[in-house]
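Only one chain is included here, represented as C-alpha cells and corresponding to the form predicted alone.
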C-alpha cells in the first residue's frame, strides 16, 4: 500500500509539474500566447465548452460512434482471432497477412470509406471498426496461444465439452490478456473515429476540433484535445481497474 501511494503521488507531481511548466511558458512569453494559451485559460475554456449544448451533443455523437464501432470490432475480431489460433494451417496462412495489413497506415483508406459510405454515421463507424479489428484479431490470437496446453489436456480428459472448455479454460486464461488488448484497441478505435470526423463530417467532437484548428481558435483547440485525452484516460483506467480485479486468473 505505501508503495502504491508513493507511485500515485509521483504521478500527481508529474502532472502538476507539466501544468506549471505550461503556465510559465505561456505567461512569461517564452512561447507566444496566441500559439500556446496558458493552462488556466485552457481549462477555463474547457469548462465553458462543456456548458454548451452543441458541444455536449457532439460528444454524444462521438461516443455513440465509438461505442458502435467498438461493439462491432471486438466480437468480430475475437471470433476471427480465435479461429486463426485454433487452426494451425489457417494460422500459418493468415498471420503474415494480418501483420502486413496491420502495418499499413489505416488513414490512407479513409477516402475510400467516404466514397463507399458517404459522409455520415456509417462512414465513421466503419472506419473506427476498420481501425480496431486488426489489433483485436492479433491480440485474441496471442491470448489463445497463451493458454497452457496442460490445462486443455486436463479439461478434455475429464470429458469437458467445447462450451465448457471455452468458458472454464480459455476465457479465464485469456481474460487478462484480452482486457489489456481492449485498452489498446479502444485507443485505435477512438483515434479512427475522431480522424474520420476531422476529415469529413458534419458533427462530432473531431469535427469541432478540426473547425477550431482551421479558425486558429487555440484555446478551444487545446481544450478539445484535453477533453479527448481525459475521455481516453478514463476508459483506460476503468479497464485497468477491471484487469487488476481479474489478475488472480494469471497462472
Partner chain sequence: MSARISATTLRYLIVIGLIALWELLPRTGLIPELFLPSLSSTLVAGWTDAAEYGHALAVTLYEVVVSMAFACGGGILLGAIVGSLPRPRVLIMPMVSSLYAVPLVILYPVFTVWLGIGSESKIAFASIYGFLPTMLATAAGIQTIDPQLLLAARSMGATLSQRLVHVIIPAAIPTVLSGLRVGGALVIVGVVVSEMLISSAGIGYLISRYRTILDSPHVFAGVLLVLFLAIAFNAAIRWIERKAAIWQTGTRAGQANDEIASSAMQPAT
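What we label the rigid core is the largest C-alpha set whose atoms superpose within 1.5 Å from one form to the other. Residue numbers count along the first chain shown, from 1. Quick caveat, the model's predicted, so the values are computed rather than measured.
Beyond what is shown, the protein has a form predicted together with the partner chain; the following relates to that form.
S.K.: Of these, 61, 39, 222, 68, which has a heavy atom no more than 4.5 Å from the partner chain in the predicted bound form?
M.R.: It is 222.
S.K.: Answer for residue 96 alone: is it within 4.5 Å of the partner chain in the predicted bound form, judged on heavy atom distances?
M.R.: Yes.
S.K.: Give a yes or no for residue 191: in the predicted bound form, does one of its heavy atoms lie within 4.5 Å of a heavy atom belonging to the partner chain?
M.R.: The answer is yes: residue 191 has a heavy atom within 4.5 Å of the partner chain.
S.K.: Is there a non-hydrogen atom of residue 209 within 4.5 angstroms of a non-hydrogen atom of the partner chain in the predicted bound form?
M.R.: Judged by the heavy-atom cut-off of 4.5 Å, residue 209 is in contact with the partner chain in the predicted bound form.
S.K.: If we define contact as a non-hydrogen atom of the residue within 4.5 angstroms of the partner, is residue 50 a contact of the partner chain in the predicted bound form?
M.R.: No, residue 50 sits far enough from the partner chain in the predicted bound form that none of its heavy atoms falls within 4.5 Å.
S.K.: Scan 56-91 and note down the residues that get a heavy atom within 4.5 Å of the partner chain in the predicted bound form; none is a fine answer too.
M.R.: If the 4.5 Å heavy-atom criterion is applied to the partner chain in the predicted bound form, 56-91 yields 85, 86, 88, 89.
S.K.: Please determine whether the C-alpha atom of residue 34 is displaced by 2 Å or more between this form and the one not shown following superposition on the rigid core.
M.R.: Residue 34 C-alpha, core-superposed: shift of 2 Å or more.
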